[in-house]
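Next up: just one chain, as structure tokens, the form predicted on its own.
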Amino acid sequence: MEKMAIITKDLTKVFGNIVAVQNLNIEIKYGTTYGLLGPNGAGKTTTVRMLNGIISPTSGTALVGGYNILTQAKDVKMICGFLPESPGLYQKLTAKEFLEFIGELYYLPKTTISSRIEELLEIFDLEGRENDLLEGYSRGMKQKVCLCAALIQDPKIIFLDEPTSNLDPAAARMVKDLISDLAKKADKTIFICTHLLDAAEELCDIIGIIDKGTLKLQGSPKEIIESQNAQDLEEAYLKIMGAKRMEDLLAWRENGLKSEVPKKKEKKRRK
């Protein structure tokens, strides 16, 4: 059996009465770019937080890089890079100071930290701004710094939650190219959470479509498209989970319009 970078076994997370993730079973080979695709609230962020040892599952377990997320969470964190959807930054630090701090959390030698910072700042076109306070950075620039932080220890497995969030089209294109290069040239395993169909289709070898915590379908973009007899991934996605939502949305809209009519007439009578 080929060694897997990530294996989940009935991974489940419940918050009160809400089942965020239910019996998730996936296997991801090393060197694969895997995309977890779904709408907001589908369970994507909860999944990556469990896989990074940030929160514990209610039941089930997972192996990440061969380490158990329940008993070896620290080891998991040491081999993984994680870019959360809403990353936190110490606004009163400079970009260089923040990245030095992150590097020290991974116990990297100072010379390694320095060279990695220099390399990453060049890649993300942040040279000349490394000594400016982060509070003066734009949202896009802050996202770039967070990407640098996720990559500073040269992780084996990289988790990216909405990696192009807050980026302008040019910066988003650069990040997509970087992700592609990390997978193909550096042989990194990349786990992407996204609701953007074009990004998933372009970057991912395998896509899992999740909704309300349940994995509905998994396969390559081509396999998913063919399984739904669709022209493209967008059409396949809508067939899998969008048609019912569209019907509900239209019904809600029609009901809303009907309820507005009497109110408008009533206002006219008062005039």
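In case it trips you up, residue 1 is the first one in the sequence shown, and so on. Worth saying up front: this structure is predicted, and the values here are computed from it rather than measured.
The same protein has a further form, the form predicted together with a small molecule, not shown here; the description that follows concerns it.
Screening Lys110, His195, Lys184, Arg139 for any heavy atom within 4.5 Å of the small molecule in the predicted complex leaves a single hit, His195.
In plain terms, the part of the chain that comes close to the small molecule in the predicted complex, with a heavy atom within 4.5 Å, is 39 to 47 out of 214 to 222, 201 to 209, 39 to 47, 26 to 34. When the small molecule is considered in the predicted complex, Glu85 lines it closely, a heavy atom lying within 4.5 Å. Contact annotation: Ala20 falls within 4.5 Å of the small molecule in the predicted complex, judged by heavy atom distances.
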